[in-house]
Structure formats: C-alpha cells, structure tokens
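First, one chain by itself: the form predicted on its own, in structure tokens.
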Amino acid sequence: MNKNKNLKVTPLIGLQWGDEGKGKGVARIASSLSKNDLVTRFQGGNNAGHTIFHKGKSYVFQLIPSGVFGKVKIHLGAGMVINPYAFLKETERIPEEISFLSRLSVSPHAVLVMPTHLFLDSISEKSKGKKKIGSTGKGISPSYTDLVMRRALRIGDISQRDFKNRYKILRDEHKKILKNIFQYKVSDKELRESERNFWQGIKFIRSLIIKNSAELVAETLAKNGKVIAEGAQGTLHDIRFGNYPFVTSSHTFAGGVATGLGIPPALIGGSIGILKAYSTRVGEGPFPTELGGEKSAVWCRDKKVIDEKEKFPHPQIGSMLNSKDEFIQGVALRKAGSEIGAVTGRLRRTGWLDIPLVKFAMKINNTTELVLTKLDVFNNFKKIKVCTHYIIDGKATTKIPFDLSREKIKCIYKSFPIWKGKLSDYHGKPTRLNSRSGELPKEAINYIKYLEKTLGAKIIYVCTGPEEHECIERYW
C-alpha cells in the first residue's frame, strides 16, 4: 500500500476522558499541512465535541475532522457512526468563504445513525436509573450494536435500490424493541419530523464523495502525503481498555485506527498524545483525583450550569481556586477552564492531573510526542498538584487496577508553585524551554519539564489560550 516505507499514519489521541483539546491540537498541526495531506476521523460519531476557535469565533465539530479550516483533505472513516442530519447541519455552520466540500469524503463502511437509534439510546439510559453510564443520547451505542448484530445500514447502502425498504424494516424492529423491552411506544408524530430530517441528510450525503478509507490513506501516503488520524472521546473511554462500563462504544485508542480505517497495523506510527494540564470527566465513572470527591460527582450529575451560576453568582476566582474546600476549588477550576460539555452542556467534573492514568494511556497508544493544553487556566492558583502514585491496600503503586471503580484509592500528590502573570503574554513564541531565555516563567518551565521527564515524551506544543494560534511551539 505504501511506496515510502518511512511514512506512517500519525494518530492524535486524547490521553484522558476526552475534552483534552484534540480539536485545537489537530487544527494547529493541520494549519501547517498541504492539500496533499489528510486528516481523518476513525471512530465515534456526533458524541464528539471538538472545539476550534477560528478568527475569533468558536466552532464545535462533532463529525467533521478538525482540519476543515486548512487545506488538507478531510475524511469520515469506516469506523464511524454518522447521523446524516447532524452532519448536514454541521456543514452549514462553516463560513461560506471556507471551501471544504471538495476536500470532504465519507467511507461507504461507516454506519448510519437512524432516528430510532436516538430513542433507543435515551430510553435505555433512563431505564438504568442510578446505574446509568452517562450516555450523550446521540444514538451511538445502538448504532454500533446493530453493526455487531449484522443488521446495520451503512453509507454505501444509500445508493442501493432497496435502501428505503431496508430502512423501514430496521426502523420497525427498533420500535418493537422499544415497545416490548422498554414499554415505550414511538408514535408516528414523534418520528415524522426526525425522519424528514434524516432523509434530508441522506440527500446531502449522496452529493458527497464516497471513498474507501483504506484506499484514501494508501493514495495519500503513496504521494508522500501526511495522514493524521483524529481520535474522539479519550483513551480512558475506550470500549475495552477504558474505565468499563463507563465507556463509549468504540475503540478510542491508537489500536482503533487500523480497524477504523481498514489499514494494516504496520502503517500506524507513534501517536501524538493530547493531555490537559488537569483532569476532567463528564458523566458517571471513577475519578481518583476529583476535587470534592463524591460531593462533586453528585453535584455535576444532578445540577446544570444555571444551578451553579445561582449557587456561585459572582465568584472571586482567585480566592475560590485557593480555597481549603476542595469542592469549591473544583467549581472555580470548572469556571476558570470553561469546563462545560461541548456536546451535552453538562458540568464537567474537575481534578488534578493523574500521572498513573496518563502513563497507562501513553503506553497503549505508543505515544511519542505530547501536546499540553489549558496550562493558562492555572494562572491564578498559588500552587498546583499532580497525582504521582495511588495507595491501594496500603501500598503505593502506579499500576492501574483492572476495575478502577471498585478500588478504594488514595492519591499521593506532588505540588508545584505557580508563576506570576499570564501565560497569554507568550502566545506564538517558540521556546527551547530554557528558563534563562526568558521565553516562559521558570515555574511553568519546571512544571513542563517535570511532565516530560515523568511521562518520557517531549511536549511539542503548550496551549495557553483557546485560539488556534495561542500555542507555544517547542523547538530544539
């Protein structure tokens, strides 16, 4: 497939529970790529929420790869599940001056998300009660379920003459499941608008380039082009190796690139890992370093943004960030980092960086380089922490237990002093991470160097603001 044996597909993977800044990382890297290069998604659907600030405006991409504002080819890969109407509406939010449809293609093997998949997702989640896993309700799990059950409809099916009939058969099967298992009857009225939107989306997809993912990758590499495989969610949400069962329905780590694009594993090179300077998590599941512990988890589960604004109407961010009450610290960190779910609008749980979990994620992703995001959020802290070890059954360890949610874990922390001033003053300045150069505050450099030494990989970008250009690029 690949004439140049040295060229590999580069996965760009989140090393935490998602929301690490993958969209910005991809956009930053893609800005230096050419029309011969490719950025492709390989798994997930519109449960992703990759936020990019372009020319002062915020865009949240759920399906479209984050290289859309560059010159690169962009592709929705075989391992994805695609809601046609959501896809259409996402394209309509892109400014008219951005020419991208000629660069956009979709795999025929990607699975279609039907309107009834959304009903199955939301009703199933509600039926779990307190045992819910925190689904986004986008129909992702039911869509992948149909694929495993060998009855899914895929992008390639939309050109078949019997497509509408096959759609109706599967739709009616879903309605039976809803009625017989969940005691929920879907009315024709409920479905009518959703189906109208679905067929509008199908019409749009028929106008696009339908291209086999493996062929596209092979063609790009054969012409010495670069290929970036953009991950969604995060490693710790992987269906098999994440914090099961609080996971997504696809393989989110670098190993998923081969199955998600239909390419040999030998074509996959070392990954670029994206990690936030602290940790966040949306929804249910274990979170060893969470500020406020169980109180925070319950608050973020039961409350909305408006509730938090009413409870903390005019926060003094500085004093709250340095409060002795860890729950208050967590609230302030959420506000300082604008940690609200890009897809769900839910409050993100916040906590310190977890070195054992990041090391685990790096190992299974073959991470060779790192992008560190949101370092600027620490501007008003007096000190920051990272978890270096767990204490489980009285013993210190960096090993991740088989079932994180069933262990009573105490974290061992290392503290760092914070810098004075704002890191935004350093936007766009290349750095050797040399404290004598004055390119960054020494406290920030010491923190970055500690992470590099501890994690065993170079940090190639340090993000110090939301805009694509608000990055400090590493050079040697």
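Sequential numbering from 1, following the sequence displayed. Being a predicted model, the structure only gives us computed values, none of them experimental.
What comes next is about the form predicted in complex with guanosine-5'-diphosphate, which is not displayed.
Proximity of residue 11 to guanosine-5'-diphosphate in the predicted bound form: non-hydrogen atoms within 4.5 Å are absent; the residue sits far from the partner. Using a 4.5 angstroms threshold between heavy atoms, residue 335 stays clear of guanosine-5'-diphosphate in the predicted bound form. Using a 4.5 Å cutoff between non-hydrogen atoms, residue 377 counts as a contact of guanosine-5'-diphosphate in the predicted bound form. Contact annotation for residue 373: at least one heavy atom lies within 4.5 Å of guanosine-5'-diphosphate in the predicted bound form. Residues within 4.5 angstroms of guanosine-5'-diphosphate in the predicted bound form, judged by any non-hydrogen atom, belong to 42-50 and to none of the other stretches in 444-452, 42-50, 27-35, 403-411. For the options 251, 348, 171, 109, the residue carrying a heavy atom within 4.5 angstroms of guanosine-5'-diphosphate in the predicted bound form is 348. Residues 463, 464, 465, 466 are the ones in 442-473 with at least one heavy atom within 4.5 Å of guanosine-5'-diphosphate in the predicted bound form, listed in sequence order.
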